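The chain below stands alone, shown as C-alpha cells; this is the form predicted alone.
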C-alpha cells in the first residue's frame, strides 16, 4: 500500500467522522472509550511510580512529596473524573444491555452526567479543601 493511498483513506475516515451526526449515545460511547484509555495509561504510570519502592524508603518518601504538589493533586482529581464517569457509565451500559434500559437510555445518561458532576465536585472539595 502506498503512502498516498493510506493518506487518502485516512482523509476519507476523517471526513466520515466529522460529518457523522453524533447523538447522546454516541458521545457516551466516545467518552467511555477515552476514559478507558486514560485509565489504562494511568495504570502504567502508577506501576512506574511504584518502582520508587525498589529504591528505598527515602526515595519513595521524596516521590510522595512530589505527588502531593498542586499539579499532581489536580491530576488526581482528573483521574477521579475518569474513574467516576467510566464506572457510572459502565453501570448504565449494563442496564441498557441487560435490562429494559434501552427505552430510557437518554434519561439514564442524563442521570450519569449529573451524578458524575456531583461526585467530581465533592471529590474536588475533599482534595483541594486542605490546600
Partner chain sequence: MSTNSFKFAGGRNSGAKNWYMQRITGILLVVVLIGHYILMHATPESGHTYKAVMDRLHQPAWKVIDMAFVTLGLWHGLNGLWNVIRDYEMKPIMTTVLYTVLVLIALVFWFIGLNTILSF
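Because the structure is predicted, anything quoted here is derived from the model rather than measured. Numbering follows the first chain given and starts at 1.
There is another form of the same protein, the form predicted together with its partner chain; it is not shown, and what comes next is about it.
**OP:** Using heavy atoms and a 4.5 Å cut-off, decide whether 66, 112 and 121 all contact its partner chain in the predicted bound form.
**Re:** Zero of three within 4.5 Å in the predicted bound form.
Original post:
Does its partner chain get within 4.5 angstroms of any non-hydrogen atom of residue 9 in the predicted bound form?
Top reply: Residue 9 belongs to the contact set for its partner chain.
**OP:** Give a yes/no on whether residue 106 approaches its partner chain to within 4.5 Å in the predicted bound form, heavy atoms considered.
**Re:** Close contact is absent here: in the predicted bound form, residue 106 is far from its partner chain, nothing within 4.5 Å, heavy atoms only.
Original post:
Do residue 29 and its partner chain come within 4.5 Å of each other in the predicted bound form, heavy atoms counted?
Top reply: Close contact exists here: in the predicted bound form, residue 29 approaches its partner chain to within 4.5 Å, heavy atoms only.
Subject >> Heavy atom of residue 71 within 4.5 Å of its partner chain in the predicted bound form >> reply: Although its partner chain is absent here, residue 71 would stay clear of it in the predicted bound form, with no heavy atoms inside 4.5 Å.
Subject >> Contacts with its partner chain in the predicted bound form - residues in 36-63 whose heavy atoms fall within 4.5 Å >> reply: In sequence order, 37, 40, 43, 44, 46, 47, 48, 50, 51, 53, 54, 56, 57, 60, 61 come within 4.5 Å of the partner.
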